[in-house]
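Before any questions on how it binds or moves, here is one chain, the form predicted alone, in structure tokens.
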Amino acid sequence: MQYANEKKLGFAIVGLGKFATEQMMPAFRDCKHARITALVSGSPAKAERLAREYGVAADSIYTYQNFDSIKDNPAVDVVYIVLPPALHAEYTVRAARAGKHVLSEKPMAPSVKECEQMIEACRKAGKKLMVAYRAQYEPFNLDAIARIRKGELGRVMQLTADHGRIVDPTGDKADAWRVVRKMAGGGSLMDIGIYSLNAARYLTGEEPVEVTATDMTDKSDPRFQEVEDRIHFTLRFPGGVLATCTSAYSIAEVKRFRVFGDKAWLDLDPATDYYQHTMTIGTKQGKQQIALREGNQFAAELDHMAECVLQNKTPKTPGEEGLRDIRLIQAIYEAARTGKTVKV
């Protein structure tokens, strides 16, 4: 849908790492309401190369030191922060002070306090704040939610969600910061376990009332001197659903969930891939694979942010959504540390 007298909103990309350059930035080509108008990087050569590729003006390339001068650039409407989590709060506050709307990657920030600072900074500036939960804009995940809400599975009784991969901080530069606590805020739970956590919330449509957790990290592994590797956690929801979830940095890649109802089960595996998803529904009559068209979840997410600015709407995944997950992650860490059930 096009809006009267609409121009595509300009996005400044803060952080030109692997995810930004290989996954997210190419998606702007499929956007109806968003385009890249500025770049922020500590690497001038990389920024200049990407500026030429995406048609960004030379005077719209910024460093982290002169980032605040972005306030004087009318071509920038939204700042998209694609930095390690420890830097999200700083650049959200700086962007809000510069008069720009903010889209921040998840996890929102390492601490509840920082999340609250981000929300307050954008509120005070009168600017939108959205957290980039791409799965909530992805067609298969949206279809799964719709089927559950319509009652196709019957009464939902339980669900499982697993996310894992092998982190390689020495072989992959993009993984180096992920095992440094002061940059990542945590390990696999913060980085990929949040997909399991967030999925449990949007699939049930409820907020958990208590959590339990077990940390299975092998501290003799040099990768996990500062952050956790394997963590298993359960979420109990007020409607009676029990979600059993895992995250890991030392297992072959997995990104799946299965929802069990009293009439049928629904499996999405992979569930949070960039490009490919497979949905299966099982009933007493057998299994059925659901045919859906893959969509560009990144473009959908970016366009949603732009539409919220254009129409003055609250984003589907606002700062409060990110804050809820960080509160729960902290509760999961507490449960793992103490061995006790934590009420939330």
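Start at 1 with the first residue shown and count on from there. These figures come from a predicted structure and were not determined experimentally.
The form predicted in complex with a small molecule is left out here; the points below concern that form.
Of the candidate stretches 145 to 153, 222 to 230, 257 to 265, 82 to 90, only 82 to 90 contains residues with a heavy atom within 4.5 Å of the small molecule in the model of the complex. When contacts are defined as a non-hydrogen atom within 4.5 Å, none of Y137, R201 and P318 contacts the small molecule in the model of the complex. The closest non-hydrogen atom of S41 lies within 4.5 Å of the small molecule in the model of the complex. Contact between M130 and the small molecule in the model of the complex is not found at the 4.5 Å heavy atom cutoff. Remark: K106 counts among the residues lining the small molecule in the model of the complex, judged by a heavy atom distance of 4.5 Å or less.
Within this chain, K46 lines the site of the small molecule in the model of the complex, having a heavy atom no more than 4.5 Å away.
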